[in-house]
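Two forms, one protein chain; structure tokens for each follow separately as structure 1 and structure 2.
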Structure 1
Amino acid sequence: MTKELFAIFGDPVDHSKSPMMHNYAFRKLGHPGCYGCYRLVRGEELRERFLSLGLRGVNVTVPHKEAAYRACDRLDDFARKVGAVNTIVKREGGLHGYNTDAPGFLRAIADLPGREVLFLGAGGTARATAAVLRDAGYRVTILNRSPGRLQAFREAGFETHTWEDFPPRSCELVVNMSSAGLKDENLPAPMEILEKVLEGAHGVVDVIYGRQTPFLKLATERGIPARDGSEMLLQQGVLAFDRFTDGRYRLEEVERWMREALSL
């Protein structure tokens, strides 16, 4: 049987757990798919590479999510709204683009208590996720190191602060949406602010996965339930798989196998 080919495009990409998750789910579900890793240096070549490799679908990671958005012929409403694509599927009519990061994050925190959320960081992931959370009934405040990226959030009606003008207060759910702690030992905000916001927190989440960031360590030391970005990785993967296979399998079933692949 001919296999459908899938890949993750990014740079760097060799650390990605997506091939493991998707290949395991393909095998367990008996789907004729094979998923690989492809280091794409130049985002503007994404479309040509997709087509010349004969792919059926890709996931896209840093730094090409905006290039992926531009490479598509059709976009779903949410991807169009946020201007970033992490999942592309080839169908009749060309390349169809989706963003499963933010809905994946929503699924990843659905079981946590608290509807009042503080984002530490205001990058692309925060922008997509804030809108999805608000639509789902969460109250989201954005706290960022510098003012530049906050403008778009303010225009979209979110409460925003920089470290300088943040009135210290505790928050139910505190999320590191920044890249602080990804490859360094930085906290996503100054310690004085974190002490205050964590005081009454019911939970913290870090979107970074695969390592205990200084932020997660701080929360754990204070006895606050803390989770890294693995659950988000899993859930965005479940939703991407669903697009790749045109909804052929139950999400619970896909999630079961991907969770097993990630040992979560």
Structure 2
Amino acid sequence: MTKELFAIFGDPVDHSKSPMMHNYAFRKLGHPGCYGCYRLVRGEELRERFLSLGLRGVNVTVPHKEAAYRACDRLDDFARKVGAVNTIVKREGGLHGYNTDAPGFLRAIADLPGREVLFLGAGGTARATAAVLRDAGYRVTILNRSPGRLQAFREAGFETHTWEDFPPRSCELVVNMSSAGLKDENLPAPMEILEKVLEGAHGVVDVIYGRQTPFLKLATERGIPARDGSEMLLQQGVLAFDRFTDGRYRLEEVERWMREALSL
């Protein structure tokens, strides 16, 4: 039986656990799929690489989620609304784009207290996730180093600030949506801002997974419950797998095998 080929595109991408999760679930469920890792430096080449590699589907990670949006022929309503895609499937009619990051994040924080959320960073993941959290009843504020990426959030009705104009205040849930700490020891905002916003925090989340980032370390030292992006990775992976396989398997089954893969 010919295997369907899948991959994750990003830069950097060698740290990704997505191949392990998807390949394990393919094997356990008996699905003829194979999932690999591909470092994509130039986002504008995403469509060409997808087609030349003969892929059935891809996940897309930083920094190419907005490029993935532009590469698609068709978009589901939510991806169109937020302007960011992290899951692409080749179907009749071309490349179909979806966003599983945001609903995956919502599933991942369902057990955390607090409805006031501060996002540190304003990339594609933040844009999609802010929209789905607001729809679920959260109040989301976005803080970013520079004003450029904040325009889309302002137009969508979110409270936004740069480091220079942010009035420091405590927030219930603080989320690092940036790549700070992924391959370096950088914090997602200046220390004087972080110290203030963490004062009354009920919890912090870093979308980066697989390492204790400086942001997570800072929160842990202050006794604040902290978690990395592993649960978000898992939950968005379950939803992406569902798209890849056209809903052939129960989500509970997929989650079971993917969670087991992450525990190995």
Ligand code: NDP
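Counting starts at 1 with the first residue of structure 1 and goes up one by one along its sequence. Just so we're clear, the structure is a prediction, and the values are computed from it rather than from any experiment.
**Q** Two copies of the same chain, shown separately. Which of them is the form predicted in complex with the ligand?
**A** Answer to the question: structure 1 is the form predicted in complex with the ligand, whereas structure 2 comes from elsewhere.
**Q** Single out the hinge among L233, A122, A130, A68, thinking of the two rigid parts turning against each other between the two structures.
**A** Among the listed options, L233 lies at the hinge between the two structures.
**Q** Once the larger parts are superposed on C-alpha atoms, what angle in degrees does the smaller rigid part turn through between the two structures?
**A** The rotation of the smaller rigid part against the larger one between the two structures is 15 degrees.
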